[in-house]
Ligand code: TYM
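Heads up, the chain below is alone and in the form predicted alone; it's given as structure tokens.
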């Protein structure tokens, strides 16, 4: 079976962007691939979270992973910081990464713009840590969202460069994995961009029906269609994206027809989106609450996942040390 690895930063609760963009793919993959999923707590240090936030968020993400359907017996779930081998590979990869190419990464430039007083080295070398997360397991595929495509290209570049420098064919070049023809970008509720915690435009998997409905009804719109069969502006296309991912095809076609004949009422559209999102989130939210109450189970699953991840990473690092010229 091909090996697959992916992770999510523990910076609060999972939202619908995480769920539709990544976690649903994880659930589908665990039966057909050799999967490992991790909680990227080291990555979260680029924003300087408080210690208590890291510890609580790790358990939160673990409970939410399982509530979404990931089975740790099929696909180990581990905490990034429990696998110390990652840091050693991160070091080796950084030694072969160049300042100019790291500074050109779009996600680095965006983060540097958003947090100008905290442009740290970890932010700059985020792609090489991500590459270490992937390459330590010699993964063939990585489920990614649109915003991670450039980081994935950096991971492939790290693999190619290592192989070229040392004259080996050791690391495979990990490929982006999508369940559709292109990466799914779940929009935010503020009219533009993607759903993200830092943007404050999220619907979380822990939100109750009332909260979800309130958020959807406040979503940005415009004055309505002015001409039949006109192109939808971005703010409206975003709402139709929610229909596409949460509603039936018939429902989507119904509202699309309403747009095309200029009879669409945004209130009706939002109520439909809210109802369909609530039906998706409600059973997940219930399972999250059940898992969150069992901290002993969560800690055991994290320990078992770390054991399996370290076994995989240790085998890789043993060979990397030999290839680079260090004793095992």
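This structure is a prediction, so every number in the text was calculated from the model and none was measured. Positions refer to the first chain, counted from 1.
There is another form of this protein, the form predicted together with the named molecule, and it is not shown here; the text below is about that form.
Colleague: Even though the named molecule is not shown here, does residue 144 get within 4.5 Å of it in the model of the complex, heavy atoms only?
Modeller: So residue 144 counts as contacting the named molecule.
Colleague: Using the partner position in the model of the complex, report whether residue 25 sits within 4.5 Å of the named molecule, counting heavy atoms only.
Modeller: The answer is no: residue 25 has no heavy atom within 4.5 Å of the named molecule.
Colleague: Is there any non-hydrogen atom of residue 301 lying within 4.5 Å of the named molecule in the model of the complex?
Modeller: Result no; residue 301 lies far from the named molecule in the model of the complex.
Colleague: Does residue 126 reach the named molecule in the model of the complex if we count a contact as any heavy atom within 4.5 Å?
Modeller: The answer is yes: residue 126 has a heavy atom within 4.5 Å of the named molecule.
Colleague: Of 134, 158, 83, 77, which residue is found within 4.5 angstroms of the named molecule in the model of the complex when only non-hydrogen atoms are counted?
Modeller: Of the listed residues, the single hit is 134.
Colleague: Heavy atom within 4.5 Å of the named molecule in the model of the complex: which of 189, 89, 154, 130?
Modeller: The residue in contact is 130.
Colleague: Exactly one stretch in 285-293, 51-59, 37-45, 259-267 has heavy atoms within 4.5 Å of the named molecule in the model of the complex; which is it?
Modeller: Of the options given, it is 37-45.
Colleague: Quick one: which residues from 60-85 get a non-hydrogen atom within 4.5 Å of the named molecule in the model of the complex?
Modeller: Counting only heavy atoms within 4.5 Å of the named molecule in the model of the complex, no residue of 60-85 makes contact.
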